[in-house]
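As a starting point, one isolated chain is supplied in structure tokens, in the form predicted alone.
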């Protein structure tokens, strides 16, 4: 069995992971990053990015992640293509992870940056138009739908918040929920129902997203009644799936403290988890903002805290 040793081991190659690796390597620490099953994280499947600082024009998510990868490699980060299938966090001196390759990775500190993924409905048309009118992040993509009509699918806090945010750009927001009342907090429901730009479609589900093939773009949504009522076809240019996110933390279940939704809990104003020498950064610990720039910021924090931990314990 192959064994790999490093000072700082990072799981995940999204903005949090790459930023952490760059700071760690620049601190002259032996740094290894494991790419996992989706190198680049959520940005690897995001097309237009307009809100990442430093770029005057729209950039592509995959391109941005390629630039981060090259920067990490240039400062000496060891980037390894593997998928971790088991971890051991309790040894005070060494964190151990085993990859699908059979390699064991040992490190003095571990930064968990495995991210989170939006929940999708699983419709073929949803997949077809992802990045071309279908999104799971209003904060990321709402700007592209100025003065257009959009649909938000969901009935919880996420859907209510997305719908309200989109009223800053869209001419009209169609909220689609399979029940006749929302699960969102009452204060959000009141704000939503009082907003003239929002039209609820109660007791309906999204059946199909309709659009053009060349170029790819959304033109309509087909809604099915859940109570035997009338089905609808509504003209929209954008569809926001707002049924929640799932943090990629199954690997750490019962091994590290998490909240009820599976997000890793860190100490206040820190990326330090309950286990000394183990840190968490990015969407894996952030159920609120879920932005590339906040993930990168937390990656920086995690690397600086890991360096301080190593310095104190050497």
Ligand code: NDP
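The shown structure was predicted, so the numbers you read here are calculated from the model rather than taken from an experiment. Residue numbers count along the first chain shown, from 1.
Not on display, but discussed next: the form predicted together with the named molecule.
Enquirer: Which pick from 146, 179, 197, 83 sits with a heavy atom within 4.5 Å of the named molecule in the predicted bound form?
Expert: If I apply the 4.5 Å criterion carefully, the residue I get is 179.
Enquirer: 121, 164, 118, 210: which sits within 4.5 Å of the named molecule in the predicted bound form by any heavy atom?
Expert: Here the answer is residue option 121.
Enquirer: My question is simply whether residue 142 lines the interface with the named molecule in the predicted bound form - judged by any non-hydrogen atom within 4.5 Å.
Expert: No, residue 142 is distant from the partner.
Enquirer: For residue 157, is any heavy atom within 4.5 Å of the named molecule in the predicted bound form, or not?
Expert: Close contact exists here: in the predicted bound form, residue 157 approaches the named molecule to within 4.5 Å, heavy atoms only.
Enquirer: So in the predicted bound form, is the named molecule close enough to residue 256 to count as touching (4.5 Å, heavy atoms)?
Expert: Output for residue 256 is no: heavy atoms all beyond 4.5 Å of the named molecule.
Enquirer: Examine residue 56 and determine whether its closest non-hydrogen atom to the named molecule in the predicted bound form is within 4.5 angstroms.
Expert: Heavy-atom contact with the named molecule at 4.5 Å: absent for residue 56.
Enquirer: Only one of these stretches, 130 to 138, 98 to 106, 170 to 178, 212 to 220, has heavy atoms within 4.5 Å of the named molecule in the predicted bound form; which one is it?
Expert: Single hit among the candidates: 170 to 178.
Enquirer: Pull the contact list for 226 to 246: residues with a heavy atom within 4.5 Å of the named molecule in the predicted bound form, in sequence order.
Expert: Going through 226 to 246 in order - heavy atoms within 4.5 Å of the named molecule in the predicted bound form - the hits are 242, 243, 244, 245.
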